[in-house]
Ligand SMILES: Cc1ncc(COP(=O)(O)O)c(C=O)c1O
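Take a look at this one chain, the form predicted on its own, written out in structure tokens.
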């Protein structure tokens, strides 16, 4: 907890949630009641299933019984539309559906969200402001994305195993004034056992990030931009080109000219390239399903930690284009992937041995 407070420059951290979803459920339990309204991104606009409606088996609706409304979304700017969201909230209030909580963040997360632009308005309407940092926690810890708490968020939830390279788990970061409610919701509210072996792993991950996080996060974002540029040069339809493609670790691709995201996800996996199928704006209207959506989501966090840089991003783009566009043999591409990967076998941005971690974590015998 001390390391996490230092890393995120926070007053209070609860490291007991066992996943990012459970961290979100902790916040729902602490600050809302079943039947309340919350606001988040729709899944095709980047939202996560943990903020989804009951009919989509989303955690917010199915588990905690929240009514979920969606942020107004500006597709041209790939972000929450500030003015239209304010209008929507005012309309909901006039209909006696005042949101109790808003959740910034999501799973397709290319650009920082307008926390600062909306937080004063939200608080003036007595709406709790949370930020789901599951996918960008390492970029925030590495001071390369945005600082949600200083921009007006009341709490920030996260996973500890994505851009933040720890064990699978979660955390809630907030202000001291909210600590008792969060602690009670974490235990006994949402977890009877908080997986102590993972808590130890979180401590080491936080220590490593204090040492290496800024360099790592900076390289992750540089690699994402290099990958997006290279994919675009190969002729792949990379989304948000008018905005420079990305300011995070993620790149989003529209693959509707070449098939669908679900099929191409499997084809790429056969070639030893691991990506994620992704709903993108327009998919639902076009009748596309989440199993076979119109997009792919690609991240650079893992290849960066193996020591790859912009030149390798160009090679990865060529390999991906061979599968997506040229329909090359996945067996042949896989052999080239193996050859590329052979030179990158050592984890970077990490302690060489266990010993340096002890300057952060005092071990008692």
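Residue numbers count along the first chain shown, from 1. All values derive from a computational prediction rather than experimental measurement.
Absent from the display: the form predicted in complex with the named molecule. The rest refers to it.
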Using 4.5 Å between non-hydrogen atoms, is residue 107 touching the named molecule in the predicted complex? yes
Check residue 169 for me: does it contact the named molecule in the predicted complex (non-hydrogen atoms, 4.5 angstroms)? yes
When the contact criterion is heavy atoms within 4.5 Å, does residue 304 count as touching the named molecule in the predicted complex? no
In the predicted complex, residue 247 touching the named molecule (heavy atom, 4.5 Å): no
Please identify the residue among 141, 89, 134, 130 with any heavy atom within 4.5 Å of the named molecule in the predicted complex. 134
Looking at 288, 277, 161, 225, which has any heavy atom no more than 4.5 Å from the named molecule in the predicted complex? 161
Just one stretch in 325-333, 45-53, 310-318, 63-71 has heavy atoms within 4.5 Å of the named molecule in the predicted complex, so which one is it? 45-53
Are there residues in 6-25 with a heavy atom within 4.5 Å of the named molecule in the predicted complex, and which are they, in order? 19, 20, 21, 24
